[in-house]
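The chain below stands alone, shown as structure tokens; this is the form predicted alone.
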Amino acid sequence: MIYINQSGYLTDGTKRAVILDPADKFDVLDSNGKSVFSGSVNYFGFDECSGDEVYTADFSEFAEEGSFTLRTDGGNVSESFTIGSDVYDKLFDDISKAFYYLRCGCGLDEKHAGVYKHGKCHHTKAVLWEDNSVEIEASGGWHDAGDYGRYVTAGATALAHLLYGYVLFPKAFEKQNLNIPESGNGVPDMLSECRYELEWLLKMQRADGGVYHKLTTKGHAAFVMPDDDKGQLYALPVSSMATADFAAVCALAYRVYQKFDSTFAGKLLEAAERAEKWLEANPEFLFDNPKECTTGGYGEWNDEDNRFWAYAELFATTGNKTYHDKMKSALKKNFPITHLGYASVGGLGALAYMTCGRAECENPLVEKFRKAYADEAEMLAALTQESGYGAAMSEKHYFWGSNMNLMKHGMIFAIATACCQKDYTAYAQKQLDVLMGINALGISYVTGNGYYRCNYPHLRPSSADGIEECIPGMVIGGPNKNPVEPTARQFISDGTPPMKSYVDREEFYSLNEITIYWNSPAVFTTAFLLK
């Protein structure tokens, strides 16, 4: 068995395959079966997270474009793969356009959605959970995951990943044509897609600056199409985390959109500062997810890192000393400063400070954040080296949404490369390799991409649309050593290694759900590799 990156390999990038059978030599064969490159197979040894004896083949030095296979002297031959400068273009476009397919409050037309079209959904007014007599208009945004809920903290985190991807690697996005309704309007398509979510976030803010935590029905819908979900929508109570994350991402978005639409950018900054005023007036942690509402809670233990992120982004945008002082005060709390959300967002605040370029930034603080990212990257690099498959993952990382961890670790490598004067590109590449097939099951965890790909996610429209091929570009949660569903043990026996604890069945949400904040780090990491 030979596992390859099923999307292919960049011409000048790291190229590797994992082999499960003993071998000493390998050859890269062209489409005519001629050997065009040879190398030695390296024995890695036992890989703990997979339970496999692993051999590797590195052909990074081979930079010829075309279609190839890899053959070992043991007689194994891989599936064909492509080497070229454009091999990730489809993957990048698909994981980016996935957000369009998750749009709420509108219909998806055939011109832009093809066979995945559907009617207008969730466009009725919502009522406040605390007072059902009060209605608000809050249509729009993205369905968060396999369900039809919309959650502020999750949305803000996904937006931050995408917007920082654009800030750091703009060229990757500027050439995209995602075939969305806004394509061709002079704004990069990914930014037009992000604006759709931002417009919804603005509707979730109360007049006093507080932000409702989520907008959902009382419980998850049945597996029906979005336009067939007619349940009453509720705006759940304001939370301090949602308000802080809202303030942060709106301040960040101001910097991004100012050159495209100064009026819209102004609305974002005004909303961010109004949210900050609410935070000032409400210094205590505030969160209430009523037990009668069984949709995603998205709760956290405190809001310290959320407030830090908010103040950091507001300072990065305005240069206001008050925000700078509040940011430094918030930093005194004990939270990680390299975590990238949704439940721990301190790394986004550090990223804001490192990249804003303001003269008012204090150099020791910039260096503190850079060192934190560099140290994290070094730790993850060590994990990568300890993995036969090249995953920056230990056993503890294989929980619900493990591919989120995988891709956020790709983000860490990308950020450390961009900000810390050491090149971790090869390590980021290996994380994408794992996502795209160099893993213990030889499966691509992105729908519509790869020979052997997930196709049955826990995703309501994918189940209800009657189409065999899933909507493309959805990043699947992935292996989970402790699946929530008891029936999953019919397919994953006790003692199964973490990297193999997966089955492609829609009923297992703790293995096979999708979310916007699992797609967004994959977009960021791929943009970095395409930079």
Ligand code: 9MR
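Since the structure is predicted, the reported quantities are computational estimates derived from the model, not experimental observations. The first residue of the sequence shown is number 1, and the count goes up from there.
Missing here is the form predicted in complex with the named molecule; even so, the following discussion is about that form.
Trainee: Of these, 155-163, 181-189, 291-299, 198-206, which stretch puts a heavy atom within 4.5 angstroms of the named molecule in the predicted bound form?
Mentor: Careful reading of the contacts points to 291-299.
Trainee: Work out which of Glu276, Asp303, Glu193, Asp144 lies within 4.5 Å of the named molecule in the predicted bound form, going by heavy atoms.
Mentor: Going through each option in turn, the one that passes is Asp144.
Trainee: Counting any non-hydrogen atom inside 4.5 Å, which residue from Phe223, Tyr452, Trp400, Phe285 sits next to the named molecule in the predicted bound form?
Mentor: Looking at Phe223, Tyr452, Trp400, Phe285 one by one, just Trp400 meets the 4.5 Å heavy-atom criterion.
Trainee: Do Trp518 and the named molecule share at least one heavy atom pair within 4.5 Å in the predicted bound form?
Mentor: Judged by the heavy-atom cut-off of 4.5 Å, Trp518 is in contact with the named molecule in the predicted bound form.
Trainee: Could you confirm whether Tyr342 comes within 4.5 Å of the named molecule in the predicted bound form, counting heavy atoms only?
Mentor: Contact with the named molecule, yes.
Trainee: Give a yes or no for Tyr151: in the predicted bound form, does one of its heavy atoms lie within 4.5 Å of a heavy atom belonging to the named molecule?
Mentor: Close contact exists here: in the predicted bound form, Tyr151 approaches the named molecule to within 4.5 Å, heavy atoms only.
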